[in-house]
Structures are given as structure tokens and as C-alpha cells.
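One chain comes next, on its own, written as C-alpha cells: the form predicted on its own.
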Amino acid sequence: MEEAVRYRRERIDRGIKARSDTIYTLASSRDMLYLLFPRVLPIVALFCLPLLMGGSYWGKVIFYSCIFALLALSWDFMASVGLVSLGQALFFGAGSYVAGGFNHYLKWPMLLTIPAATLGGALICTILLVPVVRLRGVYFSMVTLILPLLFAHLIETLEILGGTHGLLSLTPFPNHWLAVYIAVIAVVIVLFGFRRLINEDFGLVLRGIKDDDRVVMAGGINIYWYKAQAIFISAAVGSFAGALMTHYYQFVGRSAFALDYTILPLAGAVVGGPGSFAGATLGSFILVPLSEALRALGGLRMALYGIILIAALAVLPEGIFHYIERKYHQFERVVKI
């Protein structure tokens, strides 16, 4: 009897990808377009979306998507050094309360409160997390999860920073467009800044710590100093997002430490594809509008949202961005084994 013929899928790089990997791509406008298209098109779309949506409800959703994209990028950057955080709400809440406190009590203008909240919130979060940076895996994650809940209960119990009522009547943005485009520009800067940073010597050390921190320590490098720097950078991005949202809402309260600001960015990064930063951004711009679109379903909303999220992870465990990137650079064919 003849043996049954078996087949397998084979992935092969496209010819244009092989040519575009060298400096000779400058000699071909087609090769240059191949490299620029996936970089320029998302940026153009990101800047055009607010204009298409206007000041409507969906225009505000674009702003919320940018805020959660910043938090997802913040999470992805910490994950690049092996620190799996469940406390992006800590970064967001710290930035929110620093900006709101300076504006409410000291009457600082928005031009000062946002930079102060970015740096001040990052410093506060770094001081809180540096003592536990030696913890590994789930133990570090548990601490980051507990801290925002702890601060929310302290504010409520001690009646500080407005207590359960929060801080009201904060300085608003002059108009919706300024807020949206500050958020959009921030997303683009952080996205490409992180992608550039992770490919520099600093980023090489971070990735080395994630892969095998003992080997990096054996090379005479203080891995805890690098982890502290990664936490500060990540917290600065999250605090900036919190400060923006505070002035957009003109209010800050205990809800700034809500788990939504941890779970949704984490889900966005995982669905989009962790490790690329572009995946975290893409995932946030998919999940946030999806979450808002399902809001009309009431209690059924979270069930459907959960089903969609599980299905996306089951079908594309690598993440949506990595799948699109692979299809763009490679093609598949079936060959005999």
C-alpha cells in the first residue's frame, strides 16, 4: 500500500523584504514605500480619526483610546524588563491626584500641573515599587495590584484629597480638539520613543534582564537600577495619561485607582501583541471602542466582551499586530513532508 502523502505549511520571506533589509533600499522607491507604508499609514489614520469623528461621543472615545493606549504602552515597557504589572491604575491614579491636587489647592495652571504630575507621579510610584523590585513573577504583580486598592481605601477612610467626593471644578482644556491632539501626539511620541529606546544599548540590557537576569548580573550590571529606571519611565507615561484625563474630566476621585485602568490596558497589550509596542497601541484602539459599542447592552456587555476577548486570544495567541506583520512580510505555501 502506498504511504499517505503528508503536507506542512512553510513560511517564506517575500523577496522585497529581503531587499529592504539593507541600505540598498534607498535605491528603489518601491522598496522605500514598502518600509514606509506600515509606519506612515497608521499615523495618518490616527491624526485623521479625530477630524472624522468631530466633537461627538465617538470623538471622545478616540481620546479615551489614546489614554488607554498610553497605559498599555506603559505596561508593555515594564514587561520588556520582565516586570509584569497589574497596577497601571497606580500610575494613572498617582498622576491624576498630583495634577488635581496642584490645580485645586495651589491653583497651578494646566501648563504646570501636567508636567508636575508626570514627573511627580513617576517619582512616587518608583519610590513605592523599588523596595519590591527584587520580587519575582507573580509576587511583584500582586504588590502592584494591591497598591492602587490600598490608596483608594486610604483616601476614602482618611477623607483626604476630597475623600469620597473627590476634587471638583478643575481647570479644563480650552477645547476638545486640544485635548485629543495632545493625547494623539503623546501616543505617537511614546510609541516610537519606546521602539527606539528598546533597540538601543539601554533596551538591550532590559531585554537581557528579562531573558536571564543572573547572566546580566554576572556581567557586573546592577539589574535593580535598570529595573528602577524602567519603572520610572513607565510610571511617567501612565501618570501623564492620568493628568490628561483629570483635566479633561475636570474631576479626580477614587475612581482613578479603579481596576479598569489596569485590566483594559493589559487586555489591549495582550490582544494586540505584547513586545512590539505597536501591538499594545493597536489592541487599545480595538478594545476601547468595542467596549463602548457594547455599553448599550447593559449587563450583557461584560459577558460578550469577555467572550470576544477569549476568542481573540484563542484564535490569535501571538496577537493581532504580529499576525498582520507576519502576513505583510511573509507568504505561506503547502509543501510535501
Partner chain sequence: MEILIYGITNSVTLALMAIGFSLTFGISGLANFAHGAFYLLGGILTWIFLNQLGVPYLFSALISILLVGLLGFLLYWGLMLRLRGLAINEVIATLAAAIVIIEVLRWLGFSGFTYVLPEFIKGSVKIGNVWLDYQRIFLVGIGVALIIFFYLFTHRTKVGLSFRAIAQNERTAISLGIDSDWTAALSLAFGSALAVVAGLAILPLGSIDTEVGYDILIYALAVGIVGGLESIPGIVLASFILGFCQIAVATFFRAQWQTVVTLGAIVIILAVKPSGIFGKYKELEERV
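As the structure is a prediction and not an experimental result, all values here were calculated from the model. Residue numbers count along the first chain shown, from 1.
Keep in mind the form predicted in complex with the partner chain is missing from the figure; the text below concerns it.
Using a 4.5 angstroms limit between non-hydrogen atoms, I189 is distant from the partner chain in the predicted complex. Though the partner is left out of this view, T157 does reach within 4.5 Å of the partner chain in the predicted complex, counting heavy atoms only. Interface membership of G306, defined by any non-hydrogen atom within 4.5 Å of the partner chain in the predicted complex, is confirmed. Contact annotation for V138: at least one heavy atom lies within 4.5 Å of the partner chain in the predicted complex. For the residues L119, L168, V132, I185, the 4.5 Å heavy atom test against the partner chain in the predicted complex is passed only by V132. This chain is drawn without the partner chain; in the predicted complex, the residue among I124, I233, L86, V180 with a heavy atom within 4.5 Å of it is L86. The putative spot formed by L259, M302 and A314 is fully lined by the partner chain in the predicted complex; each residue has a non-hydrogen atom within 4.5 angstroms of it. The candidate stretches are 242-250, 139-147, 170-178, 104-112, and the one lying within 4.5 Å of the partner chain in the predicted complex by heavy atoms is 139-147. Shown here without the partner chain, the chain has L266, V270 in 266-282 lying with a heavy atom within 4.5 Å of that partner in the predicted complex. In the predicted complex, the separation between the C-alpha atoms of L309 and A293 grows by 3 Å or more relative to the displayed form.
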